[in-house]
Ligand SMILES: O=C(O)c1cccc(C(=O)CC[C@H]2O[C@@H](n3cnc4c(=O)[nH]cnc43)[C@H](O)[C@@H]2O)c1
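Just the one chain here, laid out as structure tokens, in the form predicted on its own.
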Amino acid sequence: MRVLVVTAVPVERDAVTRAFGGTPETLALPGAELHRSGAFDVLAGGAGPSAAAAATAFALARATPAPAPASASASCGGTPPRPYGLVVSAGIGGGFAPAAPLGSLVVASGIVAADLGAETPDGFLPVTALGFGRDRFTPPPALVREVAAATGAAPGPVLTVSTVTGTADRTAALLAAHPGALAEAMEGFGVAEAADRAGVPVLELRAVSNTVGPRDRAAWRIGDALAALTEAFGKAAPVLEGWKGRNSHEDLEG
């Protein structure tokens, strides 16, 4: 079994693959490009939860992106699938101060759809309060602990938003609705939706490039965050490789 890592943009994908060394094999997918390094397939699936969900679902359904040789296709119907044992949403994101400072790492103990729901005169209602859907996925707690120990990442909720937060009022509202949240990004919940429907465990790992709050591009540290992401995957790779395919109740729940 392999590990599928889904980022938003190529610069994040390349930061992840640098951790594995060498030159990755490049495989074409419709609308995307997948880089294969050892046990890891790294995909830049696009920005936002919809693009992330679509790209992840396509990669999971395709299983083995490489085309089958003509002889193999004729004799056995195509290349046998290589199912993924783990999906990781990865990249850079905003950190809530002071818990997640610039350049730090966050591993999601919960992947939360922070703006999926309805606005009402009494405030925001999550989709679950409307009586349908879900607004949270919980990665395997044991895996979260192992990745946090290996990388020094802080474990905590990571919020998925469709609009990046840019004001102090919105920051305060998010923290009031989601106490203990450490970071926000735009793809994790979409990746988790696709992984869950395929029955594959999911994890989210983020390097903090900016502080959630009033938008100040001059204060962002994207280069530092990408370097931290590379270092994180270098340290986490043995944990992630050891995890893929583990599916006992203790592993998934404990």
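One rule holds for the numbers: they count along the sequence shown, beginning at 1. Remember, it's a predicted structure, so these values are computed and weren't measured experimentally.
From this point on, the text means the form predicted in complex with the ligand, which you will not see here.
In the predicted bound form, at least one heavy atom of residue 220 sits within 4.5 Å of a heavy atom of the ligand.
By the criterion of a heavy atom within 4.5 Å, residue 51 is excluded from the residues contacting the ligand in the predicted bound form. Mapping the unseen interface onto this chain, residue 8 counts among the residues with a heavy atom inside 4.5 Å of the ligand in the predicted bound form.
In the predicted bound form, the ligand sits within 4.5 Å of a heavy atom belonging to residue 93. Judged by heavy atoms within 4.5 Å of the ligand in the predicted bound form, the contact stretch among the candidates 136-144, 123-131, 160-168, 105-113 is 160-168. This chain is displayed alone, yet in the predicted bound form one of 42, 229, 186, 203 has a heavy atom within 4.5 Å of the ligand; that residue is 186.
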